[in-house]
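Shown here is one chain on its own, the form predicted on its own, set out as structure tokens.
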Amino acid sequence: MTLQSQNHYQIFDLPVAFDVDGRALAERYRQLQQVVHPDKYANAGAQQQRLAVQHAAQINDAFQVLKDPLLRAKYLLHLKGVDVDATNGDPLEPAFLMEQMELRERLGAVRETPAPVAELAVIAAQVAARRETLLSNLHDCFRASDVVDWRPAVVGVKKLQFMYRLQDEIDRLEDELV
């Protein structure tokens, strides 16, 4: 099994697309792990053991990327020759940045509210709804077959990164409050 020359989609025998069948991905992951799991090569030579470990790591990495919409979007852009992290491009709209600041301020003040857990749930619902809207927009960006300008997708990924960070902050705060 030669995985080094395959992209993540090829490893899992999936079409290169933003929409991924989660069940098919998980099933193929289990199948691949059964084939390349290092324990199966315990009695093999050192080179075969090393290759099994490398293949298992590559499969794990590909699985983590393909199951996460943000990582998958970044990877798809990478396959298109676009490095989101290196792209300064268009700045995010001031309205979006203002929304982020307001949400962060509300998170910072949650402890002082009469019902902090309830307030945090309201903020979490708003972040989840915004994240779903951004994911829907990314679906649309990647679904178009004639795309030559990937800037809208890059902006969508950058906005989604903000939402993921906000969700991490919400999760940490929830752990503190509960």
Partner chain sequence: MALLQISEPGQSTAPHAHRLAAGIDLGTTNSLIATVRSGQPATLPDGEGRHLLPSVVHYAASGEVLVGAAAAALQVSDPLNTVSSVKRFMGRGLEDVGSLGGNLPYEFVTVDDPVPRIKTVAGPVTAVEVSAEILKTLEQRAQATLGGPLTGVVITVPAYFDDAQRQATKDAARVAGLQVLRLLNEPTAAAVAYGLDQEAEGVYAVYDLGGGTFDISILRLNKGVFEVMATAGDSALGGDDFDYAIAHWLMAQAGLGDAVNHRQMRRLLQVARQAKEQLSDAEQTHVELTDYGLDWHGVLDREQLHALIDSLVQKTLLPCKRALRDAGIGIDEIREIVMVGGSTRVPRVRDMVGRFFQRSPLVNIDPDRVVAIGAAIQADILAGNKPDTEMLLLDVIPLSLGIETMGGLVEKVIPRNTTIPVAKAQDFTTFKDGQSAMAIHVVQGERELVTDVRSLARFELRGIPPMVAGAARIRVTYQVDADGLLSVSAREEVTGVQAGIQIKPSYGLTDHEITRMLGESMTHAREDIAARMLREQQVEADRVLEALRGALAEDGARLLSADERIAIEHQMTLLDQVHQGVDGNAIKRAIDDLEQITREFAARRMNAGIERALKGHKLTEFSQT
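Numbering follows the first chain given and starts at 1. Here the structure is a predicted model, which is why all the values come from computation and not from measurement.
Absent from the display: the form predicted together with its partner chain. The rest refers to it.
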144, 118, 148, 42 - the one with a heavy atom within 4.5 Å of its partner chain in the predicted bound form: 42
Proximity to its partner chain in the predicted bound form, single hit among 123, 135, 110, 52 (heavy atom within 4.5 Å): 52
Proximity of residue 13 to its partner chain in the predicted bound form, heavy atoms at 4.5 Å: yes
Close approach of residue 140 to its partner chain in the predicted bound form, 4.5 Å, heavy atom: no
Interface membership of residue 68, its partner chain in the predicted bound form, 4.5 Å heavy atom rule: no
Contact flag, residue 57 vs its partner chain in the predicted bound form, heavy atom cut 4.5 Å: yes
Triple contact flag 61, 171 and 174 to its partner chain in the predicted bound form, non-hydrogen atom at 4.5 angstroms: yes
